Each structure stands twice: as C-alpha cells, then as structure tokens.
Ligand code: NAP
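We begin with a single chain expressed as structure tokens, specifically the form predicted on its own.
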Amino acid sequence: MKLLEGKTLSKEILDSLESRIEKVKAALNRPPSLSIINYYDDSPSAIYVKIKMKVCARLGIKTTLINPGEDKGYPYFLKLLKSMEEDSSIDAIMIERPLPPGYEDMKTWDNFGIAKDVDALSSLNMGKLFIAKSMDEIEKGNFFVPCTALAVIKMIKKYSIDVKGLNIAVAGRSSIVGRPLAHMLTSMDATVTLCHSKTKDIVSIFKKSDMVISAVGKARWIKADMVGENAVLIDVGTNIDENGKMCGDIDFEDVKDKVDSITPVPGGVGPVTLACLLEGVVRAAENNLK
C-alpha cells in the first residue's frame, strides 16, 4: 500500500510563493492581503481559519478576520461584500461556510466578483470552470477554481497517476468539491460516476471503480468490503470521531491492506488545499498589479 501524503506537495507550493510574495510587496508597498468573512466562531471552519491565518503570518500574507454578526442581516452582508471588492488594499476574499440561513442564495454568488474570489464561490468563476473543456484550459485560465477540488488534482499529478480511461467514483456532490472535481477529472479523460445519498447500490459502483474519492463528511464510513482490490482511495473528508480524533471518510486501518494507495487524514488533501488557497491569494495580488 502506497501512502499518498500531502505535506510534501504542500511545502513545495508554499515554498514557491516566497519570491512571488516579495515581488508583490515591492510593487504594492504592502504584502498580499486576504480578508476572511466568518459568521460562526464555533463552526468547524473556524478551526481552519486559525490555521490559515497562522500560515499566512509565516509567509508574510496579511489577513483580516471579519465577524459581521448575524443580527445585521443579509443586506448588510451584500453591502460588506461590495465594499471589500472595491477596497484596493484587499486582494482576496474568503467566505467561510456555513452562512446564516438564506444567505447562500444565487444572488450572493452573482454579486461576488471574480477577481478576489480565491475559492471560486462566485457564479462567474464557477461558470468559467464548467465551460472549460480541458484541464490545460482550466489551469491556464484567468479564473479561480475551488481549492479542495484543485488540491485533489494536484495530488493525482504529484503521484503520476494517469486517470485517462479510469473509472472513478466521486462521493459527494457539493458545489465546492464533488461537482467541480468530477468535471476536472472528466476533462482529464476519466470516466466519472458522481455518487450521492440517493445513489442506488453505491457499493457496487465503488467496487467497480479504479479510484474512489470521498467528500461526504461521514467518519470512516467506507470499509474494505466496499472497494475493489488495488483501488486508489482519496479521502477528502475531515471528521471528528467519538474520541475527539480527526479522521476521514475512509476507514484507513480497515482498507489499507486491500488497496493500492490511499491518502491519510490528517496529512493528505488538507495541507494541499491550504497551499492552493494561499497560492490563489498571491495570484490575486499579482493580478491586482495589472
């Protein structure tokens, strides 16, 4: 069994940003800047906000955390977003989920501009992604794509896994992981089955797949008897089990002796996702120079 760890790739990406950050500082007379909107301090994403800010500080990226307060209402949120987009001192904007009820409306994503949307939540960034026909077009396009989906693609390339012609099952159909990832893999000539809670006989699909990618947020739900011999497993899930320990969607100990390769949790897709996000922040700042 081969371990597809992500820390090495994450370090490579972050190390490559140092010279780019220095060039931005010299040109703008300030560091690249990321503003984060987070409504709930007790949400799972709040944990990752702290990690993002810590790594940003180490790299020399300025971060600002904004807690708007749910009581201010949806119009205030849209006004805040517009003011941040018009502020030339802000290069990138990250909107943490969950948002208050009713905020994740199409109007929100239609009003989120393309230039600072480094995690590709906006209608325009997402539209550009799904119009693109090839991975080369996606990578060279002047738009952002969801960081977690991109991280999976980068790991596949890092470990020289040729997905052309492979049968790949993607579990989870969210707009920030499952659906964009399925499109990217299809653009690389894989045959993708996008699975979800209503998929019939999902185990038979998994067993026939050369690769299974899970992003459903359900602790250790994928067992050895659910996947085929020598499959490649990529675990995007980040869960906390009953003992307070972080784990993925895949039961690592149960499947490790059956599969060809697998990503760990923690230490797999997560670090690469963060690196992709910060690369996006630097790219947004570079675009700001233009």
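Please read these numbers as outputs of a predicted model, since none were measured by experiment. Sequential numbering from 1, following the sequence displayed.
The same protein also exists as the form predicted together with the named molecule; that form is not shown, yet it is the one meant from here on.
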**Request:** May I ask you to state whether Ile93 is within 4.5 Å of the named molecule in the predicted bound form, using heavy atom distances?
**Result:** no
**Message:** I'd like to know whether Ala215 contacts the named molecule in the predicted bound form, with contact meaning heavy atoms within 4.5 angstroms.
**Reply:** yes
**Message:** in the predicted bound form, does Ser122 come within 4.5 Å of the named molecule, counting heavy atoms only?
**Reply:** no
**Prompt:** Do Ser35 and the named molecule share at least one heavy atom pair within 4.5 Å in the predicted bound form?
**Reply:** no
**Prompt:** Pick from 193 to 201, 71 to 79, 135 to 143, 155 to 163: which stretch has non-hydrogen atoms within 4.5 Å of the named molecule in the predicted bound form?
**Reply:** 193 to 201
**the named molecule in the predicted bound form: contacted by all of Tyr39, Met84 and Gly113, heavy atom 4.5 Å** = no
**Asked** Given that the named molecule is left out here, which of Lys207, Arg173, His183, Lys128 has a heavy atom within 4.5 Å of it in the predicted bound form?
**Response** Arg173
**Message:** Need the contact residues for 206 to 240: heavy atom within 4.5 Å of the named molecule in the predicted bound form, sequence order, or none if there are none.
**Reply:** Ala215, Val216, Gly217, Lys218, Trp221, Val236, Gly237, Thr238, Asn239
